[in-house]
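This document starts with one chain, in the form predicted on its own, laid out as structure tokens.
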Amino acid sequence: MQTYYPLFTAIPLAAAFLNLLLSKISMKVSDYIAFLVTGILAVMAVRMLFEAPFIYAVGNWRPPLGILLVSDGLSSLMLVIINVIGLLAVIFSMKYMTTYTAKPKYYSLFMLMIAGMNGVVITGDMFNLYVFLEIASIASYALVGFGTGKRELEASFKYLVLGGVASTAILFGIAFLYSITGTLNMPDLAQQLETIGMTRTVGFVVALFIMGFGLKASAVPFHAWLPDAHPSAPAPISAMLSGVLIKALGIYTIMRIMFNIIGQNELISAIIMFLGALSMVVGVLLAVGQSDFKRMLAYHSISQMGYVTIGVGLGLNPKIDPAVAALGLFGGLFHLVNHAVFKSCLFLCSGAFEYRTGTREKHEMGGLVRKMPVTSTTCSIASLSISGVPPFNGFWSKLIIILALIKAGYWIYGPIAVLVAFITLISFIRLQTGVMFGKLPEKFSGVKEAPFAMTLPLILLAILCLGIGIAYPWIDYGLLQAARDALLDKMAYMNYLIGG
């Protein structure tokens, strides 16, 4: 796989442009190209799980002079999340996107977004990380406004403006790092910062990165774009934004830079944990009062990513027991995977309901379990999972994070995490009673189940929610442990500089 590693970006980039050309011959070609490309990428990503860590020097220019691509436990985990969820979103799009025009342009933008996220994950160079981040961001701006309605364009513009602010902060941070180190190679940066230490300049760079990548991750108080962007985007794009994009462009980059380049730091840990706790509380409280199905899910994305952030922040604290820090980081990574599964399922369910009923307002729905049993059942499973109800997968990752917080002596953050889980459960009980059960409105008496292309991804994601939860005690979590160890071992990351 080392030889083919650059294809994670090359294939979707080429497909994005080839798709526009071939769609002139037949509009149906776009579906086949998107399915083939995402299918190949998903298979390649799963294959990466069986590879030992390696580096790929582009053009055989050895680091730190050349561009470096890095494969380790964390990048392999992220590639699986991005490309498997991307494949399921494409399958869902085949039928769902028939309600939109310009389907080939949608798929081309989708491929660009995939290429950008894959590039962010595999690169070992700060400048290329920024370039790929911009490719994914610009494609996502366009996809949010793809419906070209007033609400969609307004949400896209807000997302673009705030995303531009985040990108500017990140670019300034990279520029300051280059000014004090003279390099953009990430293992080389880690090695030099080990010598330089936490100076004022480095501290300012950390603040810029927390703001920039925090905005990409929609952490409170940098979350203003997300509640408008997610509801406005087509359902498969909402699933990608929540399930994948905010992780690849936000959480992943924070983890990679803070652990592998800056290094563990008590103050950085405290800041990130506070932002995580704030995101959990603010997100869930704002979600409870929402009547728009997708807007409610958007606020829950903010809240659930707070769990991931607080787990990551706990792992960054060098003052606590290393085993407890590792447990918190493991829980954060586990919840990152679980969130990708159940939140993608929920957004696709909302798209299926909207496809058949023509509305996203919860108070206008009711009794849909009798008309759309597959969509309703999968939605219920994902709802129980996000609420942390055993034996679903969300329960285990939340439990691990809460136990780690209590073991570390964070007696405020632990109960907050429990309380947020309880409020989340209440929110989704209201969703169940309002949408799936109750009285069926007369105008929906002729509603039918969503097409098979739309229900298949829901079934697969619901099986994962239940399967991971039930099988948790017997599953080998070597992949998550490899991702955790890749973050905690800064010295191993620095060794990539010499091809170690």
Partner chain sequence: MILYFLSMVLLVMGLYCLVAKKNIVKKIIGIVIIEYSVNLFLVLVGYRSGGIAPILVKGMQAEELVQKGVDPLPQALVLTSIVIGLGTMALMVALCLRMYEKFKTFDMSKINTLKG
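Positions refer to the first chain, counted from 1. These figures come from a predicted structure and were not determined experimentally.
What comes next is about the form predicted in complex with its partner chain, which is not displayed.
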Q: Look at the stretches 131-139, 312-320, 94-102, 338-346 and give the one with heavy atoms within 4.5 Å of its partner chain in the predicted complex.
A: 131-139
Q.
Within 4.5 Å, heavy atoms only, which of 156, 253, 76, 424 is in contact with its partner chain in the predicted complex?
A. 156
(Q) Can you tell me whether residue 196 touches its partner chain? I mean in the predicted complex, with a 4.5 angstroms heavy atom cut-off. (A) no
(Q) in the predicted complex, is there a heavy atom of its partner chain that lies within 4.5 Å of any heavy atom of residue 290, even though the partner is absent here? (A) yes
**Q.** is_contact(residue 362, its partner chain) in the predicted complex, heavy atom dist at most 4.5 Å
**A.** no
(Q) Taking any heavy atom pair closer than or equal to 4.5 Å as contact, tell me whether residue 232 reaches its partner chain in the predicted complex. (A) yes
Q | Those residues of 167-201 which, in the predicted complex, come within 4.5 Å of its partner chain by heavy atom | A | 168, 171, 172, 175, 176, 178, 179, 184
